[in-house]
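Okay, so here's just one chain, in C-alpha cells, the form predicted alone.
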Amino acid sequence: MSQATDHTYPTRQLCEFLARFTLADVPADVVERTKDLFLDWIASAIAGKDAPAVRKLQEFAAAMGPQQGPAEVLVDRRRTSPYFAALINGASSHVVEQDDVHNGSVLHPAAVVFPAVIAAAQAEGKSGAEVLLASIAGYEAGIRIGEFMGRSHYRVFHTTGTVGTLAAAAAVAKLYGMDAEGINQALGSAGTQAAGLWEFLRDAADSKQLHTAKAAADGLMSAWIARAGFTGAKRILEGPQGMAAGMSSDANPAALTDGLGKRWATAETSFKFFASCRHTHPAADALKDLMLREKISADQIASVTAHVHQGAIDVLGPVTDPKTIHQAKFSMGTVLGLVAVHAHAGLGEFEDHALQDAKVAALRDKVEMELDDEINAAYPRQWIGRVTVRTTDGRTLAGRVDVPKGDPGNTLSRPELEAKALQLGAFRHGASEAEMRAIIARVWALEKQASVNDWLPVAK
C-alpha cells in the first residue's frame, strides 16, 4: 500500500484521533483541569512583562509585524497579527519559570499550545469551548510526541522548543477543524522546523524564550499553511529521515498512540510551585521538608547532596556560577540556597536574593548533585526528590519526597492557583488585582465564553 493511502503508521493514527474527538468525549475533570492550566499559563505570560528577552522580541515584532491586528499581546496590551502575538506570548509565558510541565514527556505544553491557540482563535472568532478542545488536542499530541522522542532527545534538545512546535501545530489545526490528513500535513511542516538546543545554559543566553516563541509561532504557521494546501512529510516523526532518526536514539513509536481516547495525558500535567527549572523542585521539596522536620536552619548545614536523575545533571550541571536571575533558576545550589535561607524559591526570592544574598551564595557552594540509580530509573514518569544533609555538628540527615508539590498526586488547588495567578499578575505590575480577578472568573467559565478576545484592556 502506498504512503498516500496507508493510515496505519503511528503519526497517522495519532492524527486520526486528534481529528475525531469532540469536547463531549473528554471527561469533565480533564476539561476542568485544562481551565486550570489555562489560568496558570495566562498569568505566567503576563508575568513576563519587561523581561529583557521579551522586550527584544517586542521590538522585533514592532519592526517586522503589523502595528494593528486581531491578536492580543498580553505584556504590552497591543494588537498585532496572530503570528507575532503567538511569538511574544510564547516567550513571555516561559520567562519566569512558573509555567506547567508534563513529567513523562519533559515538556512545558502551556507555553507553546496556549499562545498559538489564543492568537489563532482571536483571529478566527472562535469560542472558549473551541479553545479548550484545541488546547486539549495540543496537549495530547505534544505529550505523546515528547514521550516518543525519549530521554536521549532531552540531553541535547530542549523538548519544549522541538516537540512544542508540533504540539502548537496540532492544537491550531484542531481549532481550524482540519481532518486527519490536514493535521498530518501540519505536523510535517512543524517537525521540519523543530529546534531548540541546551547550549544556551552555559552562556546565560536568552534562547529559552526564543524556543517557546518560535515553537508557538511556527506551530501556528504550520497549521495555517497546511489548511491552505501546503504539504509536509507525513512520517516526520518515525520516518527514516524524520525527527527520531536525527534527534533520538531511544524513540518509542508506541508512545504516539498510547491510550488514545482512554488516557487523557492533559490531566497528568504538573504545576510549578517554585519559580525555577522543574529539575530543581524535587530536591527543593525534600530539603524544605527535612528542615521543617528536623528544625534546622541554613547556618547548621555543612553540605547538601541532591540525589538526582541524569536529566537534572544534563540541564543543571552546566550552571555552576549563575550570572543572571534566569540562569540562577537552573542552578541547583541557588534554588536549595533560597529554600534553606528564605524558606521558598519563588518570584520574590529570586528577584531579591538569588544573586545578591551572601548566605544563599554560601549555601550554593555547599550543594552537589549525585546520580541516583533508583531516581534515575523512575524518571521521567516519576520525579523523586531525595537529599542528604550533613550538619555542622556532625549529623547526617536524609529527606525524601516521592510526589513533589504541583504534581497530579500533590497538585495545586484552585484557591492555590488563584493565589499564584494574582502573584504572577502583580509581578512587574503586569495586571492589577481587579484585572486578574476578572480573568480568573472568565477562565472558570471558559467553555461558556462566546469570544476569547480582550483579556486585558487595550493599551492607550
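We number the residues from 1 along the sequence you see. Quantities reported herein were computed from a predicted structural model and do not represent experimental measurements.
Separately, the form predicted in complex with a further copy of the same chain exists; it is not shown, and the next lines address it.
* State yes or no: in the predicted bound form, is some non-hydrogen atom of residue 182 no more than 4.5 angstroms from a non-hydrogen atom of a further copy of the same chain? => Answer no; every heavy atom of residue 182 is more than 4.5 Å from a further copy of the same chain in the predicted bound form.
* Asked: Given that the partner is absent here, does residue 214 sit within 4.5 Å of a further copy of the same chain in the predicted bound form, heavy atoms only?
  -> Judged by the heavy-atom cut-off of 4.5 Å, residue 214 is in contact with a further copy of the same chain in the predicted bound form.
* **Proximity of residue 433 to a further copy of the same chain in the predicted bound form, heavy atoms at 4.5 Å** => Residue-level check for residue 433: no, no contact with a further copy of the same chain.
* **is_contact(residue 202, a further copy of the same chain) in the predicted bound form, heavy atom dist at most 4.5 Å** => Yes, residue 202 lies within 4.5 Å of a further copy of the same chain in the predicted bound form.
* To do: Can you check 22-30, 390-398, 50-58, 419-427 and let me know which stretch has heavy atoms within 4.5 Å of a further copy of the same chain in the predicted bound form?
  => Stretch 50-58 is the one.
* To do: Could you tell me which one of 378, 225, 355, 260 places a heavy atom within 4.5 Å of a further copy of the same chain in the predicted bound form?
  => Flagged contact: 225.
* Tell me, which of 128, 346, 322, 242 has a heavy atom within 4.5 angstroms of a further copy of the same chain in the predicted bound form? -> That would be 242.
* Honest question, do 84, 87 and 229 all end up within 4.5 Å of a further copy of the same chain in the predicted bound form by heavy atom distance? -> Judged in the predicted bound form, 84, 87 and 229 all sit within 4.5 Å of a further copy of the same chain.
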